[in-house]
Ligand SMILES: C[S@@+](CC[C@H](N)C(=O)[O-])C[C@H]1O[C@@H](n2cnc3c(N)ncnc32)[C@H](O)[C@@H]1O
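Below you will find one chain, with nothing else, as structure tokens; this is the form predicted alone, and questions on how it binds or moves follow later.
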Amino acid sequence: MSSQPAQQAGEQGSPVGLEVEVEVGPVAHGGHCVARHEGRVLFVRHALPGERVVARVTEGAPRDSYWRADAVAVLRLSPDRVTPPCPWAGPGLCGGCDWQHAALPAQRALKAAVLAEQLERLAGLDAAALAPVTGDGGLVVEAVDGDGVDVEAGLRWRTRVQYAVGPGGRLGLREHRSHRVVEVDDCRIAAPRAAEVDPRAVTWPGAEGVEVVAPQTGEDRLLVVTPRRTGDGQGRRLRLPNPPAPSSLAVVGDEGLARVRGRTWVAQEVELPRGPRSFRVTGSGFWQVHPGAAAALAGAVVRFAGLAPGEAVADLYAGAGLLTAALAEEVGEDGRVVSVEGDARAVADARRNLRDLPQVRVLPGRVDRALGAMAADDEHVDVVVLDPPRVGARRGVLERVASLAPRTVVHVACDPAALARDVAVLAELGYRLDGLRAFDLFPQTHHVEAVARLVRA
């Protein structure tokens, strides 16, 4: 495909700043599309497949096999292109949203394409192999219901917003792949109660970041402040402003979370498959940020697990106990659920959240060690559920999972590449992909959540 230079490269031969016209090819994992210039791959943000754009190189060296770039002008528009609803979405601005320039149905189609491509490239599962798993309609990224203004438009859904603090002490959001803080007037994907915190209203001297946590129930929102550290590890003088009411306030310290005002936790109400249940989550502990995510994932996991009363389950990377509670309700008091989590705050939350479920045993510590202990005790499990961090579970953990010989493994993944790698390892260990659902829990971004079921081959 042809390309013409629109601007010379930067100083000393660096390509950064070079502008070229390119034809935009397929979507790639990470919120960009693939183009080529003189045989070199360009990963171009703010573009859509089929467009012709002027791409400005943002990262790369002359001998690199690929460069990163931003589409700074669109010469031929995709029919899926829309005007971004946020004025801070674009080249050189906030890096939090990847696809605000694409209509929501197109965003979900792009995410489905990325998930399918990663499964084919890393797990060897092409379209024919995925067809029995995804059904006649093919792989679809499902929309998720949620309470709040503009959720259906892909806006006002994020119940946890992590602001960085700029040089002047004001809150902002970071530029893509940069430490530069872009001061914004409002984050358009922030849920209504999180958006009530005006990032311009006050300054936060001595703070590195401020996370705004908006509960789904009626409690105060929570502001979690992380102090800025100097080169010697000492904290700078932190001066806390008066946050907007009603807000609780806490500071991250060496000994954990220190309460300044109100609570150090928020309450979440979730409609599980067998009815509503309340959870308590401390500070910025892990919890799904889309208001409809917890119910959607719990429902998908329970369906894929296919549990019967009296059966045994291991819930790995269990966090505050969301999936553990849903699984425990399926197996009943005659069943057994082992809930494994390594974060001390999450363990404390889980013990509180699950204290009325006698069939649950909470195991603190590393997942691989807990699995090793279970195997050494010859502990039987029918199903293993795992919701690992972004990097995936990886071979060491998956080998220990397989050693327990569960009939079913249910894998919850927030990264398509990590899921594909884990699926490939499980295939080597005798488990085949038997079911797959994907959810759009992060509209306007490239992130997608998937739930996979694997059964013994």
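Quick caveat: nothing in here was measured; it's all calculated off a predicted structure. The first residue of the shown sequence is 1; numbering continues from there.
Although it is not shown, the form predicted in complex with the named molecule is what the next lines describe.
Participant: Only one of 319-327, 351-359, 198-206, 262-270 gets a heavy atom within 4.5 Å of the named molecule in the predicted bound form; which is it?
Facilitator: Selected range: 319-327.
Participant: Can residue 365 be called a contact residue for the named molecule in the predicted bound form at 4.5 Å between heavy atoms?
Facilitator: Because a heavy atom of residue 365 falls inside 4.5 Å of the named molecule in the predicted bound form, the answer is yes.
Participant: Considering non-hydrogen atoms and a 4.5 Å limit, does the named molecule approach residue 387 in the predicted bound form?
Facilitator: Output for residue 387 is yes: heavy atoms within 4.5 Å of the named molecule.
Participant: Would you classify residue 342 as touching the named molecule in the predicted bound form, given a 4.5 Å non-hydrogen atom cut-off?
Facilitator: Residue 342: contacts the named molecule in the predicted bound form.
Participant: Just checking whether residue 286 would be counted as a contact of the named molecule in the predicted bound form - the rule being heavy atoms within 4.5 angstroms.
Facilitator: Looking in the predicted bound form, residue contacts with the named molecule include residue 286, since a heavy atom lies within 4.5 Å.
Participant: Residue by residue through 393-425, tell me which have a non-hydrogen atom within 4.5 angstroms of the named molecule in the predicted bound form.
Facilitator: Heavy-atom contacts within 4.5 Å come from no residue here.
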